[in-house]
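The form predicted alone is given below as one chain in structure tokens.
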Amino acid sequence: MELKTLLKSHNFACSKRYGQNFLSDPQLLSAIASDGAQSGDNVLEVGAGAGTLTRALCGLGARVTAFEIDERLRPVLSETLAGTDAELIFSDVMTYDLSLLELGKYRVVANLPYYITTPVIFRFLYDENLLSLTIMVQKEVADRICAKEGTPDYGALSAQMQAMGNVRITRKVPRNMFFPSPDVDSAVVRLDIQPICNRALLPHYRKAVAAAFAMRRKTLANNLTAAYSLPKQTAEELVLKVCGNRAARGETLSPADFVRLAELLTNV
């Protein structure tokens, strides 16, 4: 059954509160599923929605656990996922105890509601069992995630995502592919987890990045002085060791530079 017809048959109206914009094109759904998983993978899907991507993932042979917060979608999903072995959990993934799932090593694949993109990313990003993260996001957010240091789009999200492995845009999805159509285009981003530093250093890395971008107009040394209660001269010397410019700003440091900065900050 065509998606619009299916939703109408259940008197379902998409909710702006939950950022519901659904995909129905089978070829696109198959391509997105293949971007994120393959047969035998344990996949956690955030936001099953109408179940179209869930079904495509099951079609690959992945073992899918899908979260959906909107109980109104129960009858829709019972039709969409009929004949699949997807495990459907009607709960908020942001508060659910994921240890109950016993997924082992897993991949996240999701068409994320725009309003919750960043919180969902950080819900999973540092999980030691995560193998990859494949998410449909606003194209503007995808550009920020993949931005390089020294460019206007580069920021804390860029540095944190890129520290966790290879990240790339796999495809762009125009707004007219969704129902209802959102106001912006989207893109699929895949991150394959391979941290660029020892996991024990990651909390220090995260703190250094957060400090660097706390006030973008200030120099990195000034931000470090505020965040770490350092003497200004000490902060400037640290920055000089990392990038050779005591007046540098946070957006000029690469993820590798932030690793070096985090290492130095653990010793001050």
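In case it trips you up, residue 1 is the first one in the sequence shown, and so on. All values reported here derive from a predicted model rather than from experimental measurement.
The discussion below concerns the form predicted together with S-adenosylmethionine (SAM), not included here.
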Practice item. Quick one: from 130, 156, 73, 163, grab the residue that has a heavy atom within 4.5 Å of S-adenosylmethionine (SAM) in the predicted complex. Key: 73
Check your understanding: Quick one: of 93, 125, 81, 191, which gets a non-hydrogen atom within 4.5 angstroms of S-adenosylmethionine (SAM) in the predicted complex?
Key -> 93
Review point. Within a 4.5 Å heavy atom cut-off, is residue 36 in contact with S-adenosylmethionine (SAM) in the predicted complex?
Key: no
Review point. Heavy atoms within 4.5 Å of S-adenosylmethionine (SAM) in the predicted complex: does residue 116 have any?
Key: yes
Review point. Counting only non-hydrogen atoms and a 4.5 angstroms cut-off, does residue 69 reach S-adenosylmethionine (SAM) in the predicted complex?
Key: yes
Check your understanding: Is there a heavy atom of residue 167 no more than 4.5 Å from a heavy atom of S-adenosylmethionine (SAM) in the predicted complex?
Key -> no
Review point. Residues in which of 197-205, 233-241, 216-224, 48-56 have heavy atoms within 4.5 Å of S-adenosylmethionine (SAM) in the predicted complex?
Key: 48-56
Check your understanding: Does any residue in 132-154 get within 4.5 Å of S-adenosylmethionine (SAM) in the predicted complex, counting heavy atoms only, and if so which ones?
Key -> none
